[in-house]
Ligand SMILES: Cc1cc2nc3c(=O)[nH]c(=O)nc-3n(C[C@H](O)[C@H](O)[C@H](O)COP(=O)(O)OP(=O)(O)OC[C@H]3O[C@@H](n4cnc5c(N)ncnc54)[C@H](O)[C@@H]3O)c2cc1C
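Here you get one chain, nothing else, as structure tokens; it is the form predicted alone.
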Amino acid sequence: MFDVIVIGGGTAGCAAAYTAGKLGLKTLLIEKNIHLGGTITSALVVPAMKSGEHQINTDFYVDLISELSAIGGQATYQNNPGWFNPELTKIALDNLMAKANVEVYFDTHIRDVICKNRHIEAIVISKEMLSVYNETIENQNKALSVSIAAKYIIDATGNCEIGKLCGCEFLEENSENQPVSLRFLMGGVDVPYFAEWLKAFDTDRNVTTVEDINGFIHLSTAYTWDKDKTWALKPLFDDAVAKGILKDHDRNYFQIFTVAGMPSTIAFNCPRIIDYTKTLDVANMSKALQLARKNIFRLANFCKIYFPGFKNAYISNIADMLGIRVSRRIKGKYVYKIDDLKSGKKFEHPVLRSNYPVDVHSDKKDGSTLDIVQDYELPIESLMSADIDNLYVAGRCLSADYMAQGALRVQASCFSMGEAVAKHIKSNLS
């Protein structure tokens, strides 16, 4: 007899499940993969970007930082504690769920949803059914092996798969797409040697940073083909394209970081795939994956040729999940607008407070948006389905317009969303 079932064990789902468990709610977390973490682990999206000095609903984030720090998988760099080790995050999240008494089902896929009178009555997984009312399921099908009750469902699937199965109304438009990314890691890098070269090669500290933190070298640098700034790395990419080492589209976005607890590894926030952007189209995303892996091979070769310290480097990991920036967005009880965000509108029940910029990627040169903003809030009503009374969402599938979602989709905000939803459910049940 569960109080809460959370579907999707990524950033928002883990925060929701952990918080619900810590609050004493009997909680089940369902994850389609064999580990938790979502974008952090499966998609290799590290670090978690800093989102201001006045964040709220950060208990889960603080506990995750503490758990990772204890096992050597966290660093604070550039005043941001969100530098995580993707592999150790899998272990840390298992530990946190155990501490919060959260039951976790791995490798579990949702087959169907039964809704009645604006309520989710059952979620079907294989031969088991998770339901709000045991007697309903028992009456419907005596052959079912298990029926598990829950009062609330949290859809943290990213693509809002439960909302789709429930027939909820969505906000997305066909024209509102962003490029996806497929991240990867390279091991065998002489990071100290590369760092010294990089620091001298690019003196723009708004782009390139290098720090020695307790004997561990951390660094970050970037380049894009946009002309909004002068990039130190541009001549290297131009030369590689001219010589056929890279294709022109390979260089549309390039960003690299070090990884906590991996002293000879560099993480790549690229390639960004501009050719295929329809994130809800299986054939389209399959082609994106194939193209991305070809791009990764070329980018790795480029680094070995042009970057000192990469002579003996190799591709050590390719993400097993695309980095998707936007897909379905549910219509909630409140549709959050870009004007709400830019005006810093206040709400009675805010779930997060952030100043992360409006960050909308484009498949066109000089077409991306990165608008700096002041602190903004998001209301709980943007995480409540307008169609199903016991369905909440958390994560990138929130009820927001396209441009506002571009600021709200980042991991720190997803942590806060998940935590706030669990707290709201607890208040409903009290």
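Since we're looking at a predicted model, the values are computed, not measured. From 1 onward, residues are counted along the sequence shown.
Absent from the display: the form predicted in complex with the ligand. The rest refers to it.
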Q.
Going by heavy atom distances of 4.5 angstroms or less, which of Val358, Ile305, Ile110, Ile318 would be at the interface with the ligand in the model of the complex?
A. Ile110
Q) From the list Arg183, Arg328, Arg353, His218, which entry has a heavy atom within 4.5 Å of the ligand in the model of the complex? A) Arg183
(Q) Among the candidate stretches 92 to 100, 319 to 327, 238 to 246, 69 to 77, which one is within 4.5 Å of the ligand in the model of the complex when only heavy atoms are counted? (A) 319 to 327
(Q) Please tell me whether any heavy atom belonging to Ala17 falls inside 4.5 Å of a heavy atom of the ligand, as the geometry stands in the model of the complex. (A) no
Q. Heavy atom to heavy atom, is Asn33 within 4.5 Å of the ligand in the model of the complex?
A. yes
Q. Quick one: does Val373 come within 4.5 Å of the ligand in the model of the complex, counting heavy atoms only?
A. no
Q: Indicate whether the ligand has at least one heavy atom within 4.5 Å of a heavy atom of Val410 in the model of the complex.
A: yes
Q) In sequence order, which positions of 37 to 73 have a non-hydrogen atom within 4.5 Å of the ligand in the model of the complex? A) Gly37, Gly38, Thr39, Val45, Val46, Pro47, Ala48, Met49
